[in-house]
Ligand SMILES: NC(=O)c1ccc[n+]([C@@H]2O[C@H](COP(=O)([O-])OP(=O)(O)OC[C@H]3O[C@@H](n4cnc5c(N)ncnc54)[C@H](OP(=O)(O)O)[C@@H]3O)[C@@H](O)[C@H]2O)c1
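One chain is shown next in structure tokens, namely the form predicted on its own.
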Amino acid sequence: MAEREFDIVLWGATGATGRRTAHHLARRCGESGLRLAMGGRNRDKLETVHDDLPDTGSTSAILVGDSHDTAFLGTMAARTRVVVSTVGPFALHGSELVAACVENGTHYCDLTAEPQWMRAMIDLHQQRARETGARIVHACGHDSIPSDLGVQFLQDAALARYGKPCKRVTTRVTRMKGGFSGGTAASFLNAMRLRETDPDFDRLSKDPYALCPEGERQGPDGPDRMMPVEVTWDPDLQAWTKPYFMGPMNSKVVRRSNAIMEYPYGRDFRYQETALTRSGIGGWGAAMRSTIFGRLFLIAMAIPTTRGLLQRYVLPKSGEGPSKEVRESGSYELVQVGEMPDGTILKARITGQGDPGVRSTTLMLTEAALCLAEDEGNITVGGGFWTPAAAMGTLLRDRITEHAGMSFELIPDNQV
């Protein structure tokens, strides 16, 4: 890539997630000597964020424009090597920016958890991204880096130990403490509205291989269902499981990774992601209560009247996010169980420090942007639409282990 004015542009620096990303990027770019710019539509808010950045001895430029101004976005993309975006809902505010990055050969990463939009962007721009060399990497936050890189970590261990991959991996969310931002709420609200107007919405949501390339959208996994009323027993971890809200999204990304990496996990690979409670009747009851509540919440969100009430009185507003105390005290843990073809079990644990929806997510996104900028020569894939595992893999895993408060470890056979 020819020399450009900036190394990284953060687009959407004034929202709850954007402000935290700006802080992390300013600190890390100051350490690395990278040239950072921040963009958005409100100069006053951008200047407020800029003035509140940590003193790293470096300066950050401010770029003012609109998410739908194609001329501005094209110019901005041409000025930088990497764009990192926190502007959601991406289906409403992200399409023109992706197009600008693709056309200008600019690498890009974001926080989207909107598979319908991801599918649309891939279909529209995959060929052109290959031609220009733009690496486009969606889902670089809590959705879906822990799941995607965790499965890759576990499969690498299986290959090293047994010479073949696990035929099945299940991810169980064993701990999740934190809040969520107004941007996350807005994306979910937009998805509920799209469901009413897009006849393909439900089909794509349920299709487990919806993000895989054309001709590669088949496999052994059944439909992805959002919060089914279903509680199951996990014999490997000896506890009850319940649906996990973001399981369908993360599962689609993991399956896409397998497909676009030419099936290192095998064509018969199966994947599932749920949340764990505990054993006994108490564990079953806790799982069932949570499952029923989740189903009722989805029903309420699907009805315009109750959705409006939830939006007005319950859900966080745009620009809002969890408090500093919640951001700092949050944490999460995933346990992944892999089954080898002969039935041997291999387990891994992924942990993260800080609120998963804002603090941990923005740390992961920061390292993804830095990886695209600093490790450009070591990334083996060319232009196109990639997942975190397929594009950056161990390069990113090493970064988030060192700088984002995350850990990946194998669990001894006699432990959970």
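Heads up: residue numbers just count along the shown sequence, starting at 1. All of these numbers come straight from a predicted model, not from anything done at the bench.
Below, we turn to the form predicted together with the ligand, even though it does not appear here.
Peer 1: Looking at 311, 95, 75, 318 here, can you tell me which has any non-hydrogen atom within 4.5 angstroms of the ligand in the predicted bound form?
Peer 2: None of the others qualify; the residue that does is 318.
Peer 1: Identify which of 182, 330, 115, 248 has a heavy atom within 4.5 Å of the ligand in the predicted bound form; exactly one of them does.
Peer 2: Comparing distances to the ligand in the predicted bound form, the residue within 4.5 Å is 182.
Peer 1: Is the ligand in the predicted bound form close enough to 41, 88 and 111 that every residue in that trio has a heavy atom within 4.5 angstroms of it?
Peer 2: Per the other structure, all of 41, 88 and 111 touch the ligand.
Peer 1: In the predicted bound form, does residue 357 come within 4.5 Å of the ligand, counting heavy atoms only?
Peer 2: Yes, residue 357 sits close enough to the ligand in the predicted bound form that at least one of its heavy atoms falls within 4.5 Å.
Peer 1: Just to confirm, residue 66 within 4.5 Å of the ligand in the predicted bound form by heavy atoms?
Peer 2: Answer yes; at least one heavy atom of residue 66 falls within 4.5 Å of the ligand in the predicted bound form.
Peer 1: Although the ligand is absent from this view, report whether residue 241 comes within 4.5 Å of it in the predicted bound form, heavy atoms only.
Peer 2: Result no; residue 241 lies far from the ligand in the predicted bound form.
Peer 1: Examine residue 27 and determine whether its closest non-hydrogen atom to the ligand in the predicted bound form is within 4.5 angstroms.
Peer 2: Close contact is absent here: in the predicted bound form, residue 27 is far from the ligand, nothing within 4.5 Å, heavy atoms only.
Peer 1: With the partner removed from view, which of 357-365, 382-390, 27-35, 344-352 is the stretch that lies within 4.5 Å of the ligand in the predicted bound form, judged by heavy atom distances?
Peer 2: Every other range fails; the passing one is 357-365.
Peer 1: Does any residue in 122-154 get within 4.5 Å of the ligand in the predicted bound form, counting heavy atoms only, and if so which ones?
Peer 2: Read in sequence order, the residues that approach the ligand (within 4.5 Å, in the predicted bound form) are 141, 142, 143.
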